Each structure stands twice: as C-alpha cells, then as structure tokens.
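As a starting point, one isolated chain is supplied in structure tokens, in the form predicted alone.
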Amino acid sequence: MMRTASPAFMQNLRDVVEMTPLLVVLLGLFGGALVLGLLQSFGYAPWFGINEFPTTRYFERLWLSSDFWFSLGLTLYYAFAATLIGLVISVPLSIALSKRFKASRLFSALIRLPLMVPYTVGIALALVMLGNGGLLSRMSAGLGLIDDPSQFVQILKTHGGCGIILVYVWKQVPFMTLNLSAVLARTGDDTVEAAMVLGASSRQIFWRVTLPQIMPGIVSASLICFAFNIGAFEAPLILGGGYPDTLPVLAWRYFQDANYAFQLQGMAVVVSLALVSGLFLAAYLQGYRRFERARGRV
C-alpha cells in the first residue's frame, strides 16, 4: 500500500519548484561567470587565440612579484581599517538611535543621508574638500594657519589612504548603524533594565549586555562592509597613491589593456583576491562561532 506524502513534504517540494527558475538564472549567470573566470586564470581563452589550459604561469608571475604582495597589503589595510573604524563609530550611534529624545527624528534622518548619496559623489566630495587647493586647504590659508593652500597636509593621493578610508567610512557607517539599531530594537530593553535594577554600571551594561546582544549584527554588517571594501576600485583608483595599486585597481588596469591577453592575468588577480578574502571571512566566522560556544549560545 503506497504512503501519501506529508503536507510538509509537498510544501517543500512546491517551494523548490517555484524557486527553480530563479536558481537556474542565478547559477547560470554567477556560476557560469565564476567557472569562466577560473578557466581564464588557468590559461583558457580560445576567443583571444589563447589555449594553454591548464597552466599556472599567470598565478606564478603574480605571486612571485613583490608588487603583488604590496598591493595585497594595501587592499587588506584599507578594508580592515575602514571596517574597524566604521564599527567603532556605528556601535554608539546605533545605541543613540534606539533611544527616544527630542531630536531623535532629525538624528535618524541625518544618519540615513549618506545612503541616499551615490558612492561616486562621496569620492567627488573628498576631492573638493580634502585635496590640496580644496575647500579645507583654502579655509586654512584664509585663517592664517598656512601660507598657501598647497602647503595643506597631503590627505589624498597617498598610500596612507586617509581619503579612501574616509570615503568608505562615510558610506558604510549609516548601513552599520541601521543594522545594529534593528538588532537592538528586536532584543528590547528588558535585559538592560534588569541589569540596571541589579546595580550594574553603564560600562558593565554595555560590555556584558548590549555588546553581546548586537554581536550578530556586528558580524553580519562587518562581513558585508569588508567584502565591499576589499573589492571596490573606484576610491583607490581616484584617491589612491598610484603604483603599486590595490588589487581591484590592478585587475581593472589589466582588463583595460589593449592587449586582450592581459585579461587572463587580470583574472588571476581576481581569483587571488577572492581566495584571500574568502579565507579571511571564513576565519572571522570561525572565530565568531568559537566566541558564541564560549558563551554557551551554540
């Protein structure tokens, strides 16, 4: 006698059938592009008249170059610094955003403002505000702090990356703040009020109650921002110190070369960057899981 399928099984089956067209499109577009990029990085590009597959010479040429490691260091430095600074700013802002005060609506609107401004506009604002001959340098000269706008401290076009990091932070702080405030809104004030009743200080409440509560939001927001920062090329291209560039800019230059064969070298850069960022993100998630196990939450 045949057994009838359970309603839960039938519902799961319907969900899979309904999602199949979307999965086919996603796998075809992103999965196909990923496979094609890997093949090119290993020397397969017959449309360019190149078919050396499988070869590792593009990776060898890249990894044996000292410029590659310097570029990798710059890329990770900009990504880590911007993400960390953004978190340090976003945590107190998210706590303030979860409170009710007279100017809370205005504060909330100001927090969201950078999200409505295109990323490239932020880069243009950095050039206008921070460049030598920009607004800040002219104001400093007008106030008598320096004799000439050209004497203003060099913020942009350096490998220190202050302008790049500022643009990243300016754009990602609202995103992080809204994510963390949403986590705080879900958790409520019950545990904080209980800690206050038990006599905990503000510092103890933050470190032992608030911070553990928003840790999932911190992890998710920092992962997204780090992934964006490590792959962005516009700000390092326009505001960076030039050669050697970050890895995304290096890949972009390879793809823009008139010699199409350099695209294979660019694909090797992209694959290397994806590998490094994937390792860092996996290590970060593993560290977070260990942190949660130590707290008895996993």
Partner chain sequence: MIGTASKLRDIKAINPWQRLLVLAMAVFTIAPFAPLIIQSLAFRWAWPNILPTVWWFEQRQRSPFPLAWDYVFSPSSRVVEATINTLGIGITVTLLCLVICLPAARVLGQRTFRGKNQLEFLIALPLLLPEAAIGIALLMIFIALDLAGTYVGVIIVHLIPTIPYMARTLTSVYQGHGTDAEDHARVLGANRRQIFFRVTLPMILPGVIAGCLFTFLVSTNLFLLTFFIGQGHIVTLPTLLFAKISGGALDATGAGIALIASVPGVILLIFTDRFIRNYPLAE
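Positions refer to the first chain, counted from 1. Between two forms, the rigid core is defined as the largest C-alpha subset superposing within 1.5 Å. As the structure is a prediction and not an experimental result, all values here were calculated from the model.
Beyond what is shown, the protein has a form predicted in complex with the partner chain; the following relates to that form.
Enquirer: Using 4.5 Å between non-hydrogen atoms, is Met19 touching the partner chain in the model of the complex?
Expert: Heavy-atom contact with the partner chain at 4.5 Å: present for Met19.
Enquirer: Can Glu234 be called a contact residue for the partner chain in the model of the complex at 4.5 Å between heavy atoms?
Expert: Glu234 belongs to the contact set for the partner chain.
Enquirer: Just checking whether Arg290 would be counted as a contact of the partner chain in the model of the complex - the rule being heavy atoms within 4.5 angstroms.
Expert: Although the partner chain is absent here, Arg290 would stay clear of it in the model of the complex, with no heavy atoms inside 4.5 Å.
Enquirer: So in the model of the complex, does any heavy atom of Phe80 sit within 4.5 Å of the partner chain?
Expert: It does not: once the partner chain is placed as it appears in the model of the complex, Phe80 has no heavy atom within 4.5 Å of it.
Enquirer: Residue by residue through 198-216, tell me which have a non-hydrogen atom within 4.5 angstroms of the partner chain in the model of the complex.
Expert: Residue within 4.5 Å: Ala200, and no other.
Enquirer: Once the two forms are fit on the core, has Ala282 moved its CA by at least 2 Å between the shown form and the other one?
Expert: Moves: no, less than 2 Å.
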